[in-house]
Structure formats: structure tokens, C-alpha cells
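This document starts with one chain, in the form predicted on its own, laid out as C-alpha cells.
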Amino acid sequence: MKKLINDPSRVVDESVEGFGLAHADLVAVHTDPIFVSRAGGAVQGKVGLVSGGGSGHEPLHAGFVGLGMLDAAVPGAMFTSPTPDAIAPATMAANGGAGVLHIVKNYTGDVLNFETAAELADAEGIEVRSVIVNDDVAVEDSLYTAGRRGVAGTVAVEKIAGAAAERGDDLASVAAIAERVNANVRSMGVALSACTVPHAGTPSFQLTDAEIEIGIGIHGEPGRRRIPMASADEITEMLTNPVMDDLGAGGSDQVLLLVNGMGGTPLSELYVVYRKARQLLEGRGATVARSLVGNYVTSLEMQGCSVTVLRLDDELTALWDAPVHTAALRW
């Protein structure tokens, strides 16, 4: 294992400290317990948005704290859910008096810990709603979930719900928007190589140079099947077609196409995948109205990518286009 780290047990603390120093105009870093909040504190009268999960998926979630997205993010240990004693103060820090929405990826630890934190916040008089993101079409159940996993579609949920909160929607309306995005977004990923969690020191699974894993999760969970290495176009078809089949998209649909890198794949390769995915979508009659290509929900240094498709309507498109200013996403 070769990594730019010091003590494996201090990677998250030191990384978040550096993130806060680099983006002090956007975020404030809190320690003991560790969480990241919007610089300047909660916006009074606005619904607060909080998300979080295990570290190793950067820029998710701290990279999306700021105008038009999250008000707070809670990084757990590598690939490990944050605990309620960190989620609860993050929730309180995000509360501007209009309630708080938790956006939770569908992993058992995340769901349980955010539920507990919501109960703690409720005891303090803060109304909390939760939306569970479960966009991964690859696996219905895994060791980490009951149902589908939450993966790169989380970016769309956080961006669009964040824009709804920013325009002044109430808590019920922001939650409904987040649910609508989740109902209309699907993802699927591939690994060309495994990643190594610092405290483990060995790859999370084994792949030979001639193998790939189709349908992986963002923690190195196994996918649908392990197959011989194939061309970029063939791999893209294996990801995009199941996404479109599950979503039932096509015809006159307007869609957002996100090609997300898993951390170790260069942009040049992601654009090769985007090219084919777009051809496949347009071949079904869909119109790619919005696009995003890059590393947004990663798995440390894993080589691979995921394809995400979100079915848009006029309101979702306008909310996607609304201003955003975070460390990882801005326009």
C-alpha cells in the first residue's frame, strides 16, 4: 500500500482539517465530534439539509456543503457510517428554524444512525424529515443494505433538494422534491480494480488484470458478475442498458446523464464512456438535456465508473440549473 497519509487512524481527521483550511470561505470544520457546516452558520428561515456517510467517497459529502446544496455533512471513518453523536450536532448546526432534511444513502448503518440522530434532534424541538437514496440497480440486497444501495444519484438529490430549500420551500416540499428525484434516478457501476482502505492495508477484493466487476457498490461490495475485461463501449452498454430498462426511460424523455469516476479513472476515459452512454440514450429516443462528468462519488483510488440517468421535468431542470457554490460543484 502506497498512499499520501501519515497515521492510518488519522486520515479522516487530517483530510477534513485540510479541506476546511482550503475552503474556509465556504465551510466551517467542527471537531469532537467531527462534522462540516456551512460558513456563517445556518440560514434563518431556510430548510437545512444534512447528509453524510463513510469517508473515502470524496467529494461526497463535505464537498457539497455550501450555497444551493448541503448545510452540513458528517464524515464517518473510512467506509463506516458516522455515529449519531456527530449527526445530531450537525443537524442542530443546519437548523435555521424551518426544519432539517436528512439525505441518507441506503446502507444499514447510515439509516439506523441518522434515525437515532433525528430522534435526538426532535427532543431538542427540531423537526426532521429523512429521504433514503437507493438509486443502484445492480443489487437488490447486499451485506450493507436492505434494498438497493445509494450511490451517485445522491449528487442529484442533494443538488436539486438544495435548490428547492434555497428558493424558500418548506420542509415537506423539499422532502417531496428529494423523493421525486430519487424515484426518477438510477445508477450502475463497474470496477476495473479494487481500492485499499488505509486501516486495512490490503485491497477490498481481488481482481486479476484480465477481470472486471460489473455492478459494484461504492464500498467495494461485489456486483452482479465478474467478467473478462471488455472494450469501453461494451462496458458502457452493460451499465447504461440496465439503468434505462429499470428507469423505463426513452421516448420523449429529457434526462440528465452523469458519468461518475470511482477515483482512479482519468477524465479522458470517463468521456469515452459518456460518448457511448449518450449514444445509447439517444438511440432510445431520450434527449440528454443536462450532463455531468467527473469524480463526484468515489471509492478511494478504485479504477472504474458509474452511469447515472435522471429523468427530468421542467421543475427539476430549473432546480438543477439554479446557482450552486460548493467546493466540488459550482455554477
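Residues carry their position along the shown sequence, with the first being 1. Just so you know, these numbers come straight off a predicted model, no measurement behind them.
Just so it is clear, the following notes concern the form predicted in complex with another copy of the chain, a form of the same protein that is not shown.
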Would you kindly say which of D246, E127, E211, E237 lies with a heavy atom within 4.5 Å of another copy of the chain in the model of the complex? E211
Interface residue in the model of the complex among M229, A123, A183, A172, criterion: non-hydrogen atom within 4.5 angstroms of another copy of the chain: M229
Examine V29 and determine whether its closest non-hydrogen atom to another copy of the chain in the model of the complex is within 4.5 angstroms. no
Find out whether any non-hydrogen atom of L280 is located within 4.5 angstroms of another copy of the chain in the model of the complex, and reply yes or no. no
Quick check on M92: any heavy atom within 4.5 Å of another copy of the chain in the model of the complex? no
Contact flag, V11 vs another copy of the chain in the model of the complex, heavy atom cut 4.5 Å: yes
At 4.5 Å by heavy atoms, is each residue in V36, R167 and E315 next to another copy of the chain in the model of the complex? no
Select from 83-99 the residues with a non-hydrogen atom within 4.5 Å of another copy of the chain in the model of the complex and write them out in sequence order. none
